[in-house]
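Below, in structure tokens: the form predicted alone, a single chain.
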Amino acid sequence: MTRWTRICALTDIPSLGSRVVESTGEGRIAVFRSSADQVFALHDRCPHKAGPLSQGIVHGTTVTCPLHGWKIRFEDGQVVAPDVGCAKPYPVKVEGGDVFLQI
């Protein structure tokens, strides 16, 4: 059964930054905030060499892995071509200024 869990206030995540959530069953999840205040969540592990995506550079609706520069799309976790792979995405929403993650 999935449930929505409050993670933090939207303002606790820096614009173009991230916050890491430790999930008992899922491991580390990175929650990102775009410059347009959209939020996205991905497994905090690049599919290439397991780099911490939470430490990557956020631009638009993608994050660039800090290790080797792979770009991962927030909406589906897919790596941007020509590279191939996927980081697991998680449903996330903002309500009343609070960020909720579905695990």
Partner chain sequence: MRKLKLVMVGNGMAGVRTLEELRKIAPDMYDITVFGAEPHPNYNRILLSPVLAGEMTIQDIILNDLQWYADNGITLHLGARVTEIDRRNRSVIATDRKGGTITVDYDRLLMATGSTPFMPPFPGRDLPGVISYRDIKDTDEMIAAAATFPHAVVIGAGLLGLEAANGLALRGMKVTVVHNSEWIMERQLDRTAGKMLQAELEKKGMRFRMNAQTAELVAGASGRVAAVKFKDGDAIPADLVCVAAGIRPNVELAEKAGIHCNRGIVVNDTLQTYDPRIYAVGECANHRGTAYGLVAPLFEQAKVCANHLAEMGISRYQGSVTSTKLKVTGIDVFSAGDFSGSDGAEDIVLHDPGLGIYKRIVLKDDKLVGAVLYGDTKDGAWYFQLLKDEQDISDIRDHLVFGNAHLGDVGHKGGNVAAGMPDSAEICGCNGVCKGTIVKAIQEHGLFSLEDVRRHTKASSSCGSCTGLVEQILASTVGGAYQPADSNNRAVCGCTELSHGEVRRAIREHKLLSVAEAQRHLGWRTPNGCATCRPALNYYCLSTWPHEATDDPQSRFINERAHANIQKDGTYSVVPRMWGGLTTPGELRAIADAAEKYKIPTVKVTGGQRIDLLGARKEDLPGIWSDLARAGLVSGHAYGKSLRTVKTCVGAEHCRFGTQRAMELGVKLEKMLYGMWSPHKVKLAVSGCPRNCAESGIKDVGVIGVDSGYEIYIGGNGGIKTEVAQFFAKAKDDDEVMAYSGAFIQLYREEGFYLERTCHYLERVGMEHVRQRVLEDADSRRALYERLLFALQDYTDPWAEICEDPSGGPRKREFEIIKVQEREI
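Given the structure is predicted, the values throughout are model-derived calculations rather than measurements. Residue numbers count along the first chain shown, from 1.
One more form of this protein should be noted, the form predicted in complex with its partner chain, which is absent from this view; the next part is about it.
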Open item on the list: Contact with its partner chain in the predicted bound form for Cys86, defined as at least one heavy atom pair within 4.5 Å: yes or no?
Closed with: no
Open item on the list: in the predicted bound form, does Gln55 come within 4.5 Å of its partner chain, counting heavy atoms only?
Closed with: yes
Open item on the list: Is it the case that Glu95, even though its partner is missing from this view, gets within 4.5 Å of its partner chain in the predicted bound form, heavy atoms only?
Closed with: no
Open item on the list: Just checking whether Gln78 would be counted as a contact of its partner chain in the predicted bound form - the rule being heavy atoms within 4.5 angstroms.
Closed with: no
Task: Sequence-ordered residues of 20-44 touching its partner chain in the predicted bound form, heavy atom within 4.5 Å - done: Val20, Val21, Glu22, Ser23, Thr24, Gly25, Glu26, Arg28, Ser35
